[in-house]
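Only one chain is shown below, in structure tokens, and it's the form predicted alone.
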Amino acid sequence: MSDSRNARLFRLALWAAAGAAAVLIPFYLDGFWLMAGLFAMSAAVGAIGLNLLTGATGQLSMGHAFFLAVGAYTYVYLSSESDDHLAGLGLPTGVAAIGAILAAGLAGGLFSPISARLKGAYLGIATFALIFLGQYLMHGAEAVTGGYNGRAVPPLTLFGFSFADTPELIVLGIPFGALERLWYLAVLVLIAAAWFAKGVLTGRPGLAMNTIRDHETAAGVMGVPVSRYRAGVFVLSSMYAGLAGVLLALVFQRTVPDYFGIVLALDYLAMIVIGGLGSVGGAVLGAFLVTLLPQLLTRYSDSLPLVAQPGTSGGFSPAEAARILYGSVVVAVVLFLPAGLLGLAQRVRQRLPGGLPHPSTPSRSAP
């Protein structure tokens, strides 16, 4: 059996296992793990967008959390009804979700002239300012955002099907509430987001983006419209962030300004560095690690040394311990794994008995 056939069978088995797990998980896991998984999938969508911008095109962005906030708050504003204190348009939630993604893209488009002219640390500092602008707007525009306390998020309804706890839905004896219903939606959204990003990266746009990242002058000489690509990728990345913001709002069921701050922006950078810059799989891997680690430490804080239970003293909080851990992982990845955890997984796969080379590796001729 040739190496290429082994690799193909391995990938098929891996995808089949992942698909079966995605279908069965809501039947076996409780609400805590479902919510953790939903947070991880929404983070993965946002991380894919940031990886297109930073990993594939070389544009450093520290303002990704701002575009998530634009998506989340726009969805709430468009879908909520107005009352005595808060404004809203009361649009169908499906329309509101699309409007939120477009609004995030528009926000990215308004910033794109700056992103097309700045690069490196200068672009990073400019995007960092978006975080402060967003915090000011979220706290100040109380009629739209609800201010410090935020706003409740209307549940999504698509074609008459509500992603909420009501009406009651029983599947194979298991009650399907909002988390179970959102689980399958998030899986589909993540697959679509990854598929589209993969198509971008493996096509001519991806080649142009990588050329801009590696040698901008050479890209211009080769005829790549550098400024147009840089602006376009910034808009695309913002739309991914807007989609992630909508998912996050639906899962969290409330938007609060403090969540979309500096810490979230740094978390997203950690996701793509840990997982592997410039790849879809790396973004997903890093997002799951960075998002699930605090949840795992919270769940098992009573049996872990140096980790205190939430609300108690005597050790690091689960969130602090998680950041120390994945901060250490970031340092280790930068020093020893320049391709991230995805690169490490590919190296391990190549060394498996029978040889399972990376698809980019030429296969040996069959006997």
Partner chain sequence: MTHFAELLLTGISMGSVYALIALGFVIIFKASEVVNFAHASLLLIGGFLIAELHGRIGFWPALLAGAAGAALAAAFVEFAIIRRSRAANHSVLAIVTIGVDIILATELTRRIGTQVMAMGDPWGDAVVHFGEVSIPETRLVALIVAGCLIGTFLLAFKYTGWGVAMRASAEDQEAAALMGVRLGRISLSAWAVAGALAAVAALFLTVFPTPGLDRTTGMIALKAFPAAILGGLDSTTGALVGGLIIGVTEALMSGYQGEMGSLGRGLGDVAPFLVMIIVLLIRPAGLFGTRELTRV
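Keep in mind it's a predicted model, so treat the numbers as computed, not measured. Numbering follows the first chain given and starts at 1.
Although not depicted, the form predicted in complex with its partner chain is the subject of the following passage.
A.B. asks: Are all three of 62, 126 and 335 close to its partner chain in the predicted bound form, meaning a heavy atom of each within 4.5 Å?
C.D. replies: Result yes, every residue of the spot touches its partner chain.
A.B. asks: Heavy atom within 4.5 Å of its partner chain in the predicted bound form: which of 86, 224, 164, 118 fits that? Just give me the one.
C.D. replies: Only one listed residue qualifies here, and that residue is 118.
A.B. asks: If you check 273, 197, 97, 250 against its partner chain in the predicted bound form, which one has a heavy atom within 4.5 Å?
C.D. replies: By the 4.5 Å heavy-atom cutoff, the listed residue in contact is 273.
A.B. asks: Looking at heavy atoms inside 4.5 Å, which stretch does its partner chain contact in the predicted bound form, given the options 230 to 238, 149 to 157, 291 to 299, 134 to 142?
C.D. replies: In short, 134 to 142.
A.B. asks: Find out whether any non-hydrogen atom of residue 39 is located within 4.5 angstroms of its partner chain in the predicted bound form, and reply yes or no.
C.D. replies: Because no heavy atom of residue 39 falls inside 4.5 Å of its partner chain in the predicted bound form, the answer is no.
A.B. asks: Should residue 33 be counted as a contact of its partner chain in the predicted bound form, where contact means heavy atoms within 4.5 Å?
C.D. replies: Looking in the predicted bound form, residue contacts with its partner chain do not include residue 33, since no heavy atom lies within 4.5 Å.
A.B. asks: Does its partner chain get within 4.5 angstroms of any non-hydrogen atom of residue 82 in the predicted bound form?
C.D. replies: No, residue 82 stays farther than 4.5 Å from its partner chain in the predicted bound form.
A.B. asks: Even though the partner isn't displayed, in the predicted bound form is residue 111 close enough to its partner chain, meaning a heavy atom within 4.5 Å?
C.D. replies: Heavy-atom contact with its partner chain at 4.5 Å: present for residue 111.
A.B. asks: Going by heavy atoms, what in 321 to 351 lies within 4.5 angstroms of its partner chain in the predicted bound form?
C.D. replies: Result: 323, 324, 326, 327, 328, 330, 331, 334, 335, 336, 338.
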